[in-house]
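First, one chain by itself: the form predicted on its own, in structure tokens.
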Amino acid sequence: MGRHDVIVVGGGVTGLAVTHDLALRGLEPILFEKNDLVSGTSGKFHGLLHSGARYAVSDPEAAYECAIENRILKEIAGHCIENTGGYFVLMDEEEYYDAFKKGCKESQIPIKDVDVDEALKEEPNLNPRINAVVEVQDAVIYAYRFAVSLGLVSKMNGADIRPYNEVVGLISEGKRIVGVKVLDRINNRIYEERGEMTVVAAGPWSGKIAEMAGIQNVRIVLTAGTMAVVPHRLSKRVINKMRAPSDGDIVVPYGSVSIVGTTAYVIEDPDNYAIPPEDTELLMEEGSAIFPAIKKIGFSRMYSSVRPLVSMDEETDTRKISRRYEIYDHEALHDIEGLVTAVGGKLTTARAMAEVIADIVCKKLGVKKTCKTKETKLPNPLEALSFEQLRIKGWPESLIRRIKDRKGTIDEELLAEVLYIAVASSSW
């Protein structure tokens, strides 16, 4: 049994960003994830690095947060991002155009009007029946690259990262949480780790972790969203319908495929839900309204994720629930010391969310060091490890030779994605 400054529960992007922030401040955090990194919500989104424009009318605070973090992440994590840009295309809701542009201006989101004919030249697969086009700073972020980069820099700064280690219980002394019980899912053993503070960043499972401390009323509403994969890259840019946020209003060019998203419906259990059969037809109809070719190409698969949104008791429409985040200090809320829970937010705003969490934790621990994540560039794992280091880490010589022989070939980019998994498996 070890002892650490901070225990982080959850290996999604938020948990990894918290671990990174704390390690940069000189603390020694330990992170537990029951599966592989970003195997939950963070690894099952549509790939969008938000410009903020999607929320410019309906959720201006979230829009502003996204606009700020979009610029920061492009600076510190460029190797994880394809800076595609994006178009918002007006198809039917004419009255939304002025409200959209006004909202973007008020949230300091850069936009530019684009001539429709010029946009169709740039994106020939677009439905020609569009009435207006506005360019935004949307981009594509590759979640696993981002996660491995966050994990690697955290490890380099003294953090302990433990995937396939599931927190199955909280250890308390009186009204204080002092550690966790952990199931090592590789070696099938249970052990304990102690910490001065515990941060729960387990996304849809955060409520279940809080229940281990006897907390029953963490304000989380679980909404699942379905996405569809088109086995063809239909555009250079991210394409959004210019309308109030609704089902099937975005197509994201993710590598060599396109992701049509998303739907939204409330669920009870993140481990027990199914994709509604009608979602396939809905996403086909809405997606093909943007790119008519989708009806001919079809979908290669469907997938879904569960978003842990901040509960708003008076609001039942999932599209009207804010995408902002909340940090629950259970000492103030429930008289339980040493425990903080993160709820809501987006992958785009995970760094900012982590900064707030780390500030709270450091204040409680008497640590006066400030956040450095805004200006700290993340390492590219593919550049940080040499072939000699791979040998030291015990990689088979046959695998190292195959990696070297793919360099400079047509498949070098494909190899890079495999290497991220290999780097992660050898680094923690």
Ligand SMILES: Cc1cc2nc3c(=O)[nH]c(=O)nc-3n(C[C@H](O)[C@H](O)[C@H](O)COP(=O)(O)OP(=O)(O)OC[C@H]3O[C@@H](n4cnc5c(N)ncnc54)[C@H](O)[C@@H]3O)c2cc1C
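Because the structure is predicted, anything quoted here is derived from the model rather than measured. The first residue of the shown sequence is 1; numbering continues from there.
A second form of this protein, the form predicted in complex with this ligand, is not displayed here; the remarks below concern that form.
Put simply, residue 119 is far from this ligand in the model of the complex: not one heavy atom of it is within 4.5 Å. Mapping the unseen interface onto this chain, residue 23 falls outside it, with no heavy atom inside 4.5 Å of this ligand in the model of the complex. Contact between residue 127 and this ligand in the model of the complex is not found at the 4.5 Å heavy atom cutoff. Of the heavy atoms in residue 33, some are within 4.5 Å of this ligand in the model of the complex.
Here the chain stands alone, but in the model of the complex its contact with this ligand, taken as any heavy atom within 4.5 Å, falls in 158-166 among 106-114, 190-198, 158-166, 78-86. Checked against this ligand in the model of the complex, the candidates 228, 150, 202, 358 yield a single residue with a heavy atom inside 4.5 Å, and that residue is 202. The single contact residue among 262, 341, 154, 240, judged by any heavy atom lying within 4.5 Å of this ligand in the model of the complex, is 262. Residues of 28-59 lying near this ligand in the model of the complex, listed in sequence order, are 32, 33, 34, 35, 39, 40, 41, 42, 45, 46, 47, 48, 50, the criterion being any heavy atom within 4.5 Å.
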